[in-house]
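In the form predicted on its own, a lone chain appears below as structure tokens.
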């Protein structure tokens, strides 16, 4: 039972961070209906930002979040102003190939600058520490802190989207850009802001993840697919949907722990021979396929 409870707790904690990863993709698609294949590379930029800022300033990586947010916001706005706003005038295939090209550019730029080797955080206030919350549940301090800060960042974005005039303007642009333009809303600026908020949220997630996950120029694709799964499950454009779907995907990623629990509980030898740890990401892709087939709108998606 301790193994089961530990896996559930680990899945929920990881899911909170994954939800923040998917939030930026949700906002960008919700406002502009464009798929950003470079989303994982934005996360990679956030991870490198957190790591390098901590090394350069001698501060703890957990305190680099404001720098990561600024870098991500500027990266998102620059990508929109210099690239994306021209793509959206073309057909959908141009948008898909354009963001795919942006992904390759950012990945190879990071490869040129940083090389292909993994980099990890070795020092920090929370590195190497853990919390024993009882019932056999022990959580690494870095993951627990990342989960808590992810929830705070998520709430901040939700309040911005739902309790401010700027957020209402973004929502109006997402629902009907042409009508919003007629009402005097500067939709061009709203699109740039959406990319800025999307970029800032995912780079903050990256600065949190680098505390317990190695970074290299090739890790963006994995998180892009995870983010797509979260957005598909929660509903394209739904901020609450991204949060709850992130928790679900976090639990899916802890399938090896559940598998071990049932293996030991029922004493089925054949289960021990299944390399479930190597297959855990497969279940995310299976979930993505099933979701898009059964409920393309997602759990909380809007009806247009």
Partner chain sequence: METLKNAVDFSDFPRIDLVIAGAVAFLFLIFPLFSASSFAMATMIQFFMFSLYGMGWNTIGGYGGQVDLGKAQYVGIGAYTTAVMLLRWDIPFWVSMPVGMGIAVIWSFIIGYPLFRLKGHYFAIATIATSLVLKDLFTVWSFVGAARGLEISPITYPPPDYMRLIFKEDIYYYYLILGFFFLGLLYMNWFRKSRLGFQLRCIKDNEDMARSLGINVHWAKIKTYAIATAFVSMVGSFHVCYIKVIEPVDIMSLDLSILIALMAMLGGAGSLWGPIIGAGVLIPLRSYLKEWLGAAAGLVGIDLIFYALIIMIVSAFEPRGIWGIVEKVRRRKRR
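Since the model is a prediction, treat every value here as computed from it, not as a measurement. Residue numbers count along the first chain shown, from 1.
Same protein, other form: the form predicted in complex with the partner chain, not shown, and the subject of what follows.
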property	result
Non-hydrogen atom contact residue 265 with the partner chain in the predicted bound form at 4.5 angstroms	no
Residue 271: touches the partner chain in the predicted bound form, heavy atom cutoff 4.5 angstroms	no
Contact label in the predicted bound form: residue 66 to the partner chain, heavy atom within 4.5 Å	no
Close approach of residue 70 to the partner chain in the predicted bound form, 4.5 Å, heavy atom	no
Interface residue in the predicted bound form among 104, 175, 151, 74, criterion: non-hydrogen atom within 4.5 angstroms of the partner chain	104
In the predicted bound form, the one of 54, 239, 35, 251 near the partner chain [non-hydrogen atom within 4.5 angstroms]	35
Option from 160-168, 143-151, 199-207, 224-232 whose residues, in the predicted bound form, bring a heavy atom within 4.5 Å of the partner chain	224-232
Neighbours of the partner chain in the predicted bound form among 74-92 [non-hydrogen atom within 4.5 angstroms]	83, 86, 87, 90, 91, 92
